[in-house]
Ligand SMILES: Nc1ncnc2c1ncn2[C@@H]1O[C@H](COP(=O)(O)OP(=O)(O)OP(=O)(O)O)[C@@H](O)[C@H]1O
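Okay, here we've got a single chain as structure tokens, the form predicted alone, with questions on binding and movement later.
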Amino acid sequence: MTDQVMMDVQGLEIRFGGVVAAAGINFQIYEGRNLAIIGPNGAGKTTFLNMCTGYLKPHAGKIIYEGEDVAGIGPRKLVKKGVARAFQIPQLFAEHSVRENILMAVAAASGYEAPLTRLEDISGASEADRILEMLKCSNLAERPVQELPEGQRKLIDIGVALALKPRLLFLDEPTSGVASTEKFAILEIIAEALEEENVTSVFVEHDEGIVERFADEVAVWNRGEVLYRGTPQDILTHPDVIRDVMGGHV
């Protein structure tokens, strides 16, 4: 972990009608740290990810990345700068094979444009196999995505994101919809892949056990504001967080 700031969010604001989803957020994302964002439903967590990855333009504020204000420039331009996103619901071509999905991302990252039938011909085709091996999905390469359970779809969606060569990756609830018996195994594979690829991550998560095990630090969101930030041990034992976020008693 380092104290090098990768992304500096300054005075970020956005509203949807009368709902304040970001109320002047000031926040830094540090290189090499796995940051978990927690908070109740409607706290503004996914909205924050959408603004940081170019899917939403804030009404006010700046998102400084590599010395440039990238707020509202759009996801395609941000991907080229090294910022990628994996979604709560995997964004995949369900009728195509696992390998074809990864190949399309590899092709996009290389600037190669061609019909799907020619994807096998691109010079980076071996990169797709490397990513599948890293995610322990090589045995799924020829299977249509639509045949896979949710946990494996999550891995393939993250594989697509990693194929875009990000330095900073945002993940929206990476264990959502995954069977409880598979969550830790899935996150273990993801964490190892992020470390191997030297990718800094920010992930929204509701599972306390996942946060405790995989996060280097935790930020608590509520009503468009960042209430607390600290280590998993400090945050997950904080009386207010236990009461207001996790629904427990102190």
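Treat the numbers as computed from the prediction; the structure is a model and nothing was measured. All residue numbers refer to positions in the sequence shown, first residue = 1.
Although it is not shown, the form predicted together with the named molecule is what the next lines describe.
Contact with the named molecule in the predicted bound form, judged by any heavy atom within 4.5 Å, is made by just one of Ile186, Ala43, Ile29, Ala193: Ala43. Contact with the named molecule in the predicted bound form, judged as any non-hydrogen atom within 4.5 angstroms, is confined among 212-220, 35-43, 177-185, 66-74 to 35-43. For the candidate spot formed by Ala21, Glu173 and His206, every residue has a non-hydrogen atom within 4.5 angstroms of the named molecule in the predicted bound form.
In the predicted bound form, Gln152 stays away from the named molecule, with no heavy atom inside 4.5 Å.
Residue Gln88 is the only member of 83-103 with a non-hydrogen atom no more than 4.5 angstroms from the named molecule in the predicted bound form.
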